[in-house]
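Shown here is one chain on its own, the form predicted on its own, set out as structure tokens.
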Amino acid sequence: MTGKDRLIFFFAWSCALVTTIVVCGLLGFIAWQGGAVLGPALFFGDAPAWAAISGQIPVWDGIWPACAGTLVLVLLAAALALPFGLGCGLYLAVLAKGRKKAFCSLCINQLAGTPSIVMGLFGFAMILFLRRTFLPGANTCLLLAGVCLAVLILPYIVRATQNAVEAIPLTQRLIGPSLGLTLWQNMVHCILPQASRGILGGVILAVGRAAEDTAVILLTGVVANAGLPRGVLGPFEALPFTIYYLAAEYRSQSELQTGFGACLVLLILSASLFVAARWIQRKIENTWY
């Protein structure tokens, strides 16, 4: 190994070490602060657990409504973005050529670079337009927040799908057509199973992005003390907004500790989604191979 090789090795090793220390330090600090208040009282306050979970009584001093709202919001955004993301990614990787591919890629890149607050303003402007034209009673709601978040995470799914499919060797992508499979059969039985690992990686990133974003939901329907989601056309609570609200408006040390507890719960929720995605990935691989 030459001197330059040793320098590159030391630089790369140092960067990896610093990144690991920063991440572990951040997670350890949140776990230390939030773990002290992690318990039924953090989620339900003084309310009985089952009555709060089933929505029989409201929760005023717990984060359970925010947990439920975040989970519903993330699932709604993922359900709206997945079909379009997969379809657009497959089109760019398999079907698009020349100027069409370049123009579509440019649009995806522009969408990926759009700040989340702009997406929130877009949703708010859409509601104002609907109020003045077709729907005078339109208001910000869970559905609007889900649509705006779906648009926000769409580039992650598109790029993950495109990169995963393009990473498959051309010889393997042509095995299906050489055996007489149609385009649809080749997509479903050959390309998508092989690209599932990369696609799910992008979906995990997209879901994490949707779970933590605050700027979009601030302008599209999140409300403090809204309670459990009663429908897609109503207001909702979300963990990112609860953390922001508690950190900005806390009046006692216990409220600040509740904010750290909400941070820890948000991390656990994201990790749970990651584990669920890994389980789905293994089920897909066991089914198709």
Partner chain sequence: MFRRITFVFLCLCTAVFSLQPVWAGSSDLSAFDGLSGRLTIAGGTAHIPVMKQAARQIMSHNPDIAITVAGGGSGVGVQKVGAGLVDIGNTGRALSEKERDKFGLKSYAFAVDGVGLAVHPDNPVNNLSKDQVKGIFAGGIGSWKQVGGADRQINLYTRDEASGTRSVFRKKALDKGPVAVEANVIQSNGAMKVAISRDPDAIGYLSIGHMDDSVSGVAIDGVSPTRENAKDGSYPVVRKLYMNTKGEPGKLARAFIDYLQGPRGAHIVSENGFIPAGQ
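Positions refer to the first chain, counted from 1. Values in this document were obtained by computation on a predicted structure and should not be read as measured data.
Although it is not shown, the form predicted together with its partner chain is what the next lines describe.
Taken together, the three residues 156, 212 and 264 lack any non-hydrogen atom within 4.5 angstroms of its partner chain in the predicted complex. Heavy atoms within 4.5 Å of its partner chain in the predicted complex map, among the stretches 93-101, 168-176, 213-221, 78-86, onto 213-221 alone. The closest non-hydrogen atom of residue 235 lies within 4.5 Å of its partner chain in the predicted complex.
Residue 241 belongs to the set of residues with a heavy atom inside 4.5 Å of its partner chain in the predicted complex. Residue 225 belongs to the set of residues with a heavy atom inside 4.5 Å of its partner chain in the predicted complex. When its partner chain is considered in the predicted complex, residue 197 lies well away from it, no heavy atom lying within 4.5 Å.
Interface residue among 27, 247, 49, 57 relative to its partner chain in the predicted complex, by the heavy atom within 4.5 Å criterion: 247. Checking 133, 139, 114, 185 for any heavy atom within 4.5 Å of its partner chain in the predicted complex turns up a single hit: 139.
Along 108-128, these residues reach a heavy atom to within 4.5 Å of its partner chain in the predicted complex: 124, 127, 128.
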